[in-house]
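Heads up, the chain below is alone and in the form predicted alone; it's given as structure tokens.
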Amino acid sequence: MERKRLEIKNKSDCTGCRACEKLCSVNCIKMVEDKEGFIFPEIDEEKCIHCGICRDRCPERKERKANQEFTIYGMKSKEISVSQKSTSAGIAYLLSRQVIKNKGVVVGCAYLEKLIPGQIRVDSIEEIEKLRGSKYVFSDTKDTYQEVKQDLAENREVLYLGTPCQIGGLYAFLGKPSPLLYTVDIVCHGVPSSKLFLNYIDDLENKYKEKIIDYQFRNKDKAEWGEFCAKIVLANGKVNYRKADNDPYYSHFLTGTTYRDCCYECQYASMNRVGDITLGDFWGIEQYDSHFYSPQGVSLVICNSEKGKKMIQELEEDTLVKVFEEAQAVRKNANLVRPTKREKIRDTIYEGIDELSSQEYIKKKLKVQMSPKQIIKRIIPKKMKKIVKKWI
């Protein structure tokens, strides 16, 4: 019998989307965590019937068709409260709210047990709150692909928010498009493992002598959009704030030294986007239109399909919108067109994560090293930064 099954020769060949596992009719594929905390498929040879579906449908093996014309917008919510509680300008929240109002369902990233991120399905406006804010950690798709398939079979509108590889995995699992499915991919830098994040949380809990119940990347309580400040909520009600460039986990995320192997060779890092809509931050907006800039944030929105355009049009009453050019969108969003560069430190940064205590590991492997540029940015007053950004 010809051996027709998926073979992962290099770890960079797999995004951990779970499409192969969920497609297997005999349940012979199981996702197993490696030493770094990333999941990869493991095949039970005795159960495998060599049907080849895992190999043939794997999104990493499939060549994607070139994208049709896209439209690029700068967008922000008219409701300041929506932007203030969101990582960027709240467009993902507004899209989710619109789908829920249409009796549809939304899938996105939320914290599960012990602050482990994962994709969940919600069908109420109250539950959308769980999906708000960036989680700079690998998010497991769990059983959401099957849930989407079931919802579509029941003629329910579905919005799936995720990284481009998660959207690619969803399409691979479904096998065919649906007029009821709307997808949003984010401008992704890469994802560290949940094991690394939990190791970091454990270190913080030892420092604070208290359990952490919430961790918000890019919180805006004491910072404006783009200032990268984390909010840490403790079980006793106390709150701590940490600047990203002075934080072990956060600073290494921003420099791209802790990502999954595939992130450094990401096939989705191009203007040939996989989702109906691409969402990100419109960095540099103050240089193109200082009046459109907002301290609460401006979202970069790229409509890649007619369905995407339709969704954005439905938000007309809730948003302020302006058309921009591709060069303006790409200039400060390098990951729109290329993957993050892999630095040499990535080869060893996960070493000792199981052997060392969380305190020893963080101290040894996730040292904070501020560059001269970061130090200068810390010193320059906020008002001066805005002037510099506007005129550089």
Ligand SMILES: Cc1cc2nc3c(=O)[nH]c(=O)nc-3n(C[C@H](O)[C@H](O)[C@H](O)COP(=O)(O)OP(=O)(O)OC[C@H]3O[C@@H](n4cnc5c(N)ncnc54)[C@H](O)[C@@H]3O)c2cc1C
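Predicted, not measured: the structure shown is a model, and the values here were computed from it. When you see a residue number, it is the position in the sequence shown, counting from 1.
Omitted from view is the form predicted in complex with the named molecule, to which the following refers.
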**Prompt:** Can you say which of 232-240, 198-206, 306-314, 129-137 gets within 4.5 Å of the named molecule in the predicted bound form, counting heavy atoms only?
**Reply:** 129-137
**Asked** Looking at the named molecule in the predicted bound form, is some heavy atom of each of Gly90, Gly108 and Gly280 within 4.5 Å of it?
**Response** yes
**Asked** Which residue among Leu112, Val187, Ile72, Val99 has a heavy atom within 4.5 angstroms of the named molecule in the predicted bound form?
**Response** Val187
**Fill in**
As a check of understanding, the residue in Val158, Val274, Ile302, Val191 with any heavy atom within 4.5 Å of the named molecule in the predicted bound form should be identified as Val191
**Message:** Does any part of Tyr215 reach within 4.5 Å of the named molecule in the predicted bound form? Heavy atoms only, please.
**Reply:** no
**Contact flag, Gln166 vs the named molecule in the predicted bound form, heavy atom cut 4.5 Å** = yes
**Request:** Report whether the minimum heavy atom distance between Asn333 and the named molecule in the predicted bound form is within 4.5 Å.
**Result:** yes
**Message:** Using a 4.5 angstroms cut-off on non-hydrogen atoms, would Phe253 count as touching the named molecule in the predicted bound form?
**Reply:** yes
